[in-house]
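The data below hold one chain only, encoded as structure tokens and taken in the form predicted alone.
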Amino acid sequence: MKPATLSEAEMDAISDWSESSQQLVRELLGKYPDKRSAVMPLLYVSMIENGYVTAEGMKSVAVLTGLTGAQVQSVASFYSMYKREELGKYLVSVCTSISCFLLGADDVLAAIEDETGVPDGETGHDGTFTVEHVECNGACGGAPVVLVNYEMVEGVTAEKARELVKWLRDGGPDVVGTEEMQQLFGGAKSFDWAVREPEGAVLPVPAFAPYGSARGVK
């Protein structure tokens, strides 16, 4: 598919976005016969561009897709991974669904809240950590599961959770990768990973190289 040619109104809607994001918008719109089908990836681009899904970002996506602002907002508010408030550098998510809960996820979450000084569902004043509890991440055999910027660590104990927070706070890594964190802070995994993951997350959004939210882990 060829990149889409944007109208003047569409270009105005993303005039303050980076050139790389503008090019990504063209490529995404060129992949969908109906522009409204691109609403989810465009929201993701807006989140990377602005740090979270802002009101202005949703307006821009509405212009790009031909949807109403209410329709775009309904998508952004339905999926929890579209964050509509500013996040810290590290989004620390603790699964508290049944398998993780039975194996001590509440203790892990409490340890992270205590070590970061950030309550569940909030962002610290210094902008380093956002802490949240989440529903099942599909790795029940490796419970309890913790994610940092959506990079997964399995078999985390409360003690290891504290060590993870200290590592993030003191080292301030620009890239966080699941393999490195698993080796340092993880325990039993749900299964052996068949493919090495060479890239990690550079933002509190899922790591995806074509969108610029991933980078190789040294």
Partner chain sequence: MKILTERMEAHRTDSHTIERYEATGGYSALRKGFEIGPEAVTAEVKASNIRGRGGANFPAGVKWGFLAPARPAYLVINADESEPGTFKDRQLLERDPHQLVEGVVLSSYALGVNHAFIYIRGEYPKPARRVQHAVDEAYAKGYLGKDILGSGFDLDVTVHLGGGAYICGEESALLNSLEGRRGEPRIKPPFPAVEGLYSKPTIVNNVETISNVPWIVSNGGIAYASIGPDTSAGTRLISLSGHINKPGNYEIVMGMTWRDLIYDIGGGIPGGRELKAWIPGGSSAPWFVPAEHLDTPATIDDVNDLGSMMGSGAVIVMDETTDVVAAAHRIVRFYSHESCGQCTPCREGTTWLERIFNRLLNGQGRMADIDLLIDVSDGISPGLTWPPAMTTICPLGPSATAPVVSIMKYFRDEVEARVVSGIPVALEAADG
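Worth saying up front: this structure is predicted, and the values here are computed from it rather than measured. Numbering follows the first chain given and starts at 1.
If you look for the form predicted together with its partner chain, you will not find it shown, but the lines that follow are about it.
**Student:** Run the contact test on Thr116, Thr157 and Gly171 with a 4.5 Å heavy atom cut-off to its partner chain in the model of the complex and return yes or no.
**Tutor:** The answer is no: none of the three residues contacts the partner (heavy atom, 4.5 Å cut-off).
**Student:** How about Leu103: is it within 4.5 Å of its partner chain in the model of the complex, going by heavy atoms?
**Tutor:** Leu103 belongs to the contact set for its partner chain.
**Student:** Any chance Glu135 has a heavy atom within 4.5 Å of its partner chain in the model of the complex?
**Tutor:** Output for Glu135 is yes: heavy atoms within 4.5 Å of its partner chain.
**Student:** Quick one: does Trp167 come within 4.5 Å of its partner chain in the model of the complex, counting heavy atoms only?
**Tutor:** Although its partner chain is absent here, Trp167 would stay clear of it in the model of the complex, with no heavy atoms inside 4.5 Å.
**Student:** At the 4.5 Å heavy atom threshold, is Pro41 in contact with its partner chain in the model of the complex?
**Tutor:** Pro41: contacts its partner chain in the model of the complex.
**Student:** Under the 4.5 Å heavy atom criterion, name the residues of 10 to 36 that approach its partner chain in the model of the complex, in sequence order.
**Tutor:** Heavy-atom contacts within 4.5 Å come from Lys31, Tyr32, Pro33, Asp34, Arg36.
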